[in-house]
Ligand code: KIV
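What follows is a single chain, given as structure tokens, in the form predicted alone.
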Amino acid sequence: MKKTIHDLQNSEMPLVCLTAYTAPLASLIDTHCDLILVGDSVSMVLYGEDSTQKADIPMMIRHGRAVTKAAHTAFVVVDMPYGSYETDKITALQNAQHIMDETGCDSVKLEGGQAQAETIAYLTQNDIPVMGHIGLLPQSVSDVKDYKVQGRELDSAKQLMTDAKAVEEAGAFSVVIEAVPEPLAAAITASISIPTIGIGASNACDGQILVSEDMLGLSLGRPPKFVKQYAQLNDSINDSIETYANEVRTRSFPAIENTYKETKKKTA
């Protein structure tokens, strides 16, 4: 059965969430996860960009459609990319409707708390399910050095509490909390009724999400502190490619079993 917002909000177990940008990976994740996020991190993970700001609507639609086709159980959320919702709520609604219509996804996600509450409310009032995102906001970061823990100072912690409540009151069905200390994540989770999905926000949240390539050991560079790598697929893939290259150069591939035979001629 396809997961619904009701299922997510009433789950007795922590919600399991991962990103996906392709149909093959989405098909694997779909078996195990409650929610799949087609994140704007696709611009960095698959396209080698240095910021999520390089994602655009066509990119999100291409990958969102691929994931939605492959996910038959998990709830699918597609990120609204940088520049697609900040200008005004009318534009945000048009872009959200376009993304949902073209991908068939179940929801969109946008970054920002109190500052985006009016837009979130407008979308939800127009039947667009919205997942919020507070804490570290990657779309606001143009340099990787600025990816820092949020809410360590009293004022910023109070603002994040305000952001969480504003997102909830605006009608978001859930909110991602990124890169905040455990006590603050716990306090936010206890203060709102919608599920909190943590990424670098401790197990005090109602669920967890990671970039799949990070947890599978497929990313370039060193993963963030909050990532646990459950596999080292970079090494496995490298070894496989090396073996293939050697076999091609020694002509041991393709072997007989990989080669088509001449069709036998029929005799009169």
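The model shown is predicted, which means the values in this text are computed figures rather than measured ones. Start at 1 and count along the sequence shown; that's the residue number.
The form predicted together with the named molecule is left out here; the points below concern that form.
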Problem - Listed residue that, although the named molecule is not shown, lies within 4.5 Å of it in the model of the complex (heavy atoms), from 70, 33, 205, 209 - result: 209
Exercise for the section: Tell me, please, which stretch of 157 to 165, 117 to 125, 173 to 181, 98 to 106 lies within 4.5 angstroms of the named molecule in the model of the complex when heavy atoms are compared? Expected result: 173 to 181
Exercise for the section: Spell it out for me: taking the named molecule in the model of the complex, does every residue among 37, 41 and 199 have a heavy atom no farther than 4.5 Å from it? Expected result: yes
Exercise for the section: Taking the named molecule as it sits in the model of the complex, which residues of 74 to 101 have a non-hydrogen atom within 4.5 Å of it? Please list them. Expected result: 79
